[in-house]
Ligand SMILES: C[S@@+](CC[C@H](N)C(=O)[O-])C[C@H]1O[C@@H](n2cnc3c(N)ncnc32)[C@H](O)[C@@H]1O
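There is one chain below, alone, in structure tokens, taken in the form predicted alone.
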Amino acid sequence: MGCGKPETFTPCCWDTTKPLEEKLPFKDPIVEVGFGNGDFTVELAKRFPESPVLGVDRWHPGVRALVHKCQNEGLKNLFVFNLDANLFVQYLLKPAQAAAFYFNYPDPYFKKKDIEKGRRLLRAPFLKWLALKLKDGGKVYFRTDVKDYFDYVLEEVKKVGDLFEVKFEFDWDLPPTKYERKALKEGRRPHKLLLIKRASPPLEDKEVEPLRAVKISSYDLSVLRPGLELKDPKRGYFMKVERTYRGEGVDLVETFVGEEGFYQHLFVGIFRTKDGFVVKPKSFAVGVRSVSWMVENLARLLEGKGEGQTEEGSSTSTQTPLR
């Protein structure tokens, strides 16, 4: 996972304490989304040693496995992100920044209800975001052994047909993934799709923001029971409390928070100060409005003031926003 401020990212760094409040600074990065055990990502980094290779996945065991492989290989151009792909692409990449995206055998979500809920990643709205973040002539590589999923993606590509040139063979021999070797052994052949950017969509880019911290005078951690959920239907925000932890100098609240179809898993700390306490994200988080909304509402609940479904830009009741 990238650590420190964006201008001081360290290859392979496993640091879950630094928030991201700026766009990523990498020049012409190559991005693999959903890297599994990370073998293909390592091969990308070796094949393109002069290019930054960014691996993005929200599966924790895979992230740890890739970090270890990156460190063992001594790779200096590989950076690992434990994040939702929608969040990463929409907020952290600049327009016309990426050289290529790779999608190797993504989860096809066979069930009808999953498809209807939009859990398949390569849908028309996400393809538009990929086109916005790709440089002119940038490429999307997609392969799957599920014909139904391949046909589905083709239909989604047709909806944004003016954005990409479509090819059905890759322009270089991609290294096989662990899953591909298994599929070939079992008689399932890969279906390939190469999309080459030829236009940008009329999308307004999304900005990263400083994460909110809120000052409170006192609190009761027991009010944050596991499973507690809050929603803001108007803006599509949601949060869920997983667990709370008592600690030395800081108590922690483990949460899920999200908006517009993606979520983050993060820890919020309650820190003692000279004149009270401060509630703020402690673990790796991306500065988006739903996180600030969550912090404000957690502060209200901790002080015993109930839910605070505030409008954008406003603070909650008498809590004092520090940023």
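Note that this is a predicted model, so its numbers are computed, not measured. Residue positions are given as counts along the sequence shown, with the first one as 1.
Keep in mind that the form predicted in complex with the ligand is missing from the display, and what follows is about it.
- Looking at 128-136, 193-201, 220-228, 171-179, the stretch with residues near the ligand in the model of the complex, meaning non-hydrogen atoms within 4.5 angstroms, turns out to be 171-179.
- No member of the trio Val214, Phe271 and Trp293 reaches the ligand in the model of the complex with any non-hydrogen atom inside 4.5 Å.
- Proximity to the ligand in the model of the complex, taken as a non-hydrogen atom within 4.5 angstroms, holds for one residue of Tyr91, Tyr152, Tyr105, Tyr141, which is Tyr105.
- Among the residues Leu75, Val146, Ala85, Ala100, the one placing a heavy atom within 4.5 Å of the ligand in the model of the complex is Ala85.
- By the criterion of a heavy atom within 4.5 Å, Lys282 is excluded from the residues contacting the ligand in the model of the complex.
- Mapping the unseen interface onto this chain, Arg58 counts among the residues with a heavy atom inside 4.5 Å of the ligand in the model of the complex.
- Using a 4.5 angstroms limit between non-hydrogen atoms, Gly34 touches the ligand in the model of the complex.
- Mapping the unseen interface onto this chain, Leu121 counts among the residues with a heavy atom inside 4.5 Å of the ligand in the model of the complex.
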